[in-house]
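Okay, so here's just one chain, in structure tokens, the form predicted on its own.
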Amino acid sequence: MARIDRIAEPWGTRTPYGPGEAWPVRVDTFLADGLTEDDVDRWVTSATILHSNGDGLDIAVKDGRIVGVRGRAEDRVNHGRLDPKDLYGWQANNSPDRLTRPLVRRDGELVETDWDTAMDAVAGRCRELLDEQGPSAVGFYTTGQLFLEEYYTLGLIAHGGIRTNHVDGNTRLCTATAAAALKETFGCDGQPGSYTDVDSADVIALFGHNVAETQSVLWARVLDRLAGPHPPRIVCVDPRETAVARAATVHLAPRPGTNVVLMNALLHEIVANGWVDRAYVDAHTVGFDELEERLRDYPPEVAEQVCDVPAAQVREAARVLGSAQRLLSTVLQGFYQSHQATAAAVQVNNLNLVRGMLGKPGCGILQMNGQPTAENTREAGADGDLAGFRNWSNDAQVADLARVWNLDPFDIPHHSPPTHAMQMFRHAEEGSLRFLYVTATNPAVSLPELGRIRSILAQERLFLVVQDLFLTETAQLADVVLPAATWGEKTGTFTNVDRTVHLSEKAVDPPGEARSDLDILIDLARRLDLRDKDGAPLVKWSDPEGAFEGWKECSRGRPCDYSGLSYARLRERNGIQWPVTEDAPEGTERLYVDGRFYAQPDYCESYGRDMVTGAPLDDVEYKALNPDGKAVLKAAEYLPPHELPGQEFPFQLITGRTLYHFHTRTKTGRAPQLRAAAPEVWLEMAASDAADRGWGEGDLLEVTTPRGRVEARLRISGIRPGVLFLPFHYGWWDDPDALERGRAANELTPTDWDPVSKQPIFKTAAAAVARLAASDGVPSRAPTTTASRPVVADVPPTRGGDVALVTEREGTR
């Protein structure tokens, strides 16, 4: 048993293993205030909630309070390991500034009130607008952090009760392209691969996926393979020198916004060298001839010119990918938050398909998620899509959903594509959307072009409801604030990237009068008197297990089939991958085994979209393309970024994450160890760019775009020249002066999105930089342990000290 500072060593101690072997167990435990496991009153089963990896854990409870966490050795996802955000982030539950009573705005100020007053105000204003303007006056903007039962209830209320098409979540910012790319290729959402593919792969390719910081336990699994016999080769595509890049066999660092060219060049080499599984392609795909023709225009020399990646490096990466025996490919924000997000992500699907590497151990695709329950927003219809991966443009599937909900099909809006988040805020800006219900997210910091977003949210004509744990920057603008319970204070299920379903049990009571999101939504449905076509209450459950049972029936027969699951089953064995049915009671490790897809025209979730305009295809076009429901190899041509560097704004600005924080820090900023590890925003720049200007580590800089300005200390890092990086986490809830000074990265980002997934663009803003003051020898406070590692100065290393010591126990189940 070892005691490790997990701020200084985020991935913990290595436990090497070889291909095909089981990943060794290592149980991580962190308890507060010098407590030991013997001091804990009880352990309560749950899973992690501050990233998308979905690691099983137990919550330690003493005297009615959460006092720590412990990884679950038997969990299929993490084998006992925990991310630093999970080890320390639970402390936010006990924060003294939690919301404990509802708030309503009176004479311009938010004042405490009782639940009846608050909910009557919410339901009353909603009903007024429904009567005056109809359902399109009402919108819901949710999150990636609620539970499945809550999303399903929200989707039912919004789509089936209020009948609005304006429903989306902040998952639009992080996971929309994952869903879109899977629909384009496989006709339906749903991750093909499994985390266990890491155990067998001989090549792992990470495309715009800094897994070391976004899913650190999954990276620990890769690190353990790299430390063992016959390690896999790593291909990394990232403009920053991340921990992944430092471990890679080949690191490609393209210009932001050029991923389609790079992917086409890699595929060009795969095809040109005959590294194609023709038998698999002929049997299980359509579109190869069109893809091959498109790739002729993209030899590596074109990539060298457009992406600024040497042709020899492209060929080397293609050789690694083309010689793989078991290829696992993963994708995340480096591809998703760009102007051709879906087009680039689809080429990764194409790579595995042409290599015939899908549905077998070590052969998979993981189009990753950014948040812990993002998968559930997509399944349950809280991102605007219809519940159960149903196709909004297929009348038979809409009728089937109406049967489940006991509604007339015309009561479910499906006359046009779901309204995505960016368009919802446009409607609010123009005045047609007058009621916005925000749950567990903070658009005043996380959406692009914040000056515009603040002006929209602050409109007097917009009735803004915020349901959250804290008085966030968004809640400060609300008409009504509803105090919500969070993880550990309520029961429900959630599903991770590789379709693993965990049950998270209530461990403690929420503070004050805070309620679970499910209870609040059921209360809203009751006050709105929402009913089915026979006059019975539309929402027919009153607790999480009842909602889960309702969801099971909705999912029955669909790709995300939960019908074989139950709370009792999950209490016996937590962590089962859907689909779980009578035929597959133990779950399903990989989708698309033997080339069978969910892409049949009458069953698929989507008929696809035009990759340039985003216009949806209809059933006739889809049936002509793919009558037998095969995987679709979709080609894409390169289009330049919408905002290019020039004389006035010579840099490309990208925004992103750090390992130590989640979203807008509403939780991680209240955990002392995490806050100390990354306390303040910073700006990364390449050494050559800093030297050209005579700037040094820690200088105070001003970065500007046509939309705003941010002040930040300089970190000279391994980022590629010509590119700047800002972490997006920092708002002003803990520093009110920061709003005036400029601290949030999204002051600078544009109102623009990928045409297919509608995911906003956070990776290609043109920016300028000026120095405001020299550092006087004081470095930036950016972490030294991650992609922000300094390259030119003697910067003190990031440490957590005694308060960050974590117990690691190897080999214990």
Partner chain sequence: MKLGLAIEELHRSETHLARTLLAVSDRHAADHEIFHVARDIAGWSRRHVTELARIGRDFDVELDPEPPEDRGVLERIRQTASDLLGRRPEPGLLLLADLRHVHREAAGVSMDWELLAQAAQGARKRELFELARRSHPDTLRQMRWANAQLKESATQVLTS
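Residue numbers count along the first chain shown, from 1. Bear in mind that the values here come from a model prediction, so they are computed numbers and not experimental data.
Not pictured, yet referred to below: the form predicted in complex with the partner chain.
Heavy atoms of Trp753 reach within 4.5 Å of the partner chain in the predicted bound form, making it an interface residue. At a distance threshold of 4.5 angstroms between non-hydrogen atoms, Arg403 is out of contact with the partner chain in the predicted bound form. Residue contact check for Glu74: none of its heavy atoms lie within 4.5 Å of the partner chain in the predicted bound form. A residue is said to contact a partner when one of its heavy atoms sits within 4.5 Å of a partner heavy atom; Ser566 fails this definition for the partner chain in the predicted bound form, lying far away.
You can rule out all but one of 464-472, 499-507, 605-613, 395-403: in the predicted bound form, only 605-613 has residues with a heavy atom within 4.5 Å of the partner chain.
Between the partner chain and the residues Asp131, Glu572, Asp282, Glu430, the one pair within 4.5 Å by heavy atoms in the predicted bound form involves Glu430. When you look in the predicted bound form, the only residue of His51, Arg26, Arg70, Lys758 with a non-hydrogen atom within 4.5 Å of the partner chain is Lys758. In the predicted bound form, the partner chain lies within 4.5 angstroms of at least one heavy atom of each of the following residues of 411-442: His415, Ser416, Pro417, His420, Gln423, Arg426, His427, Glu429, Glu430, Ser432, Leu433, in sequence order.
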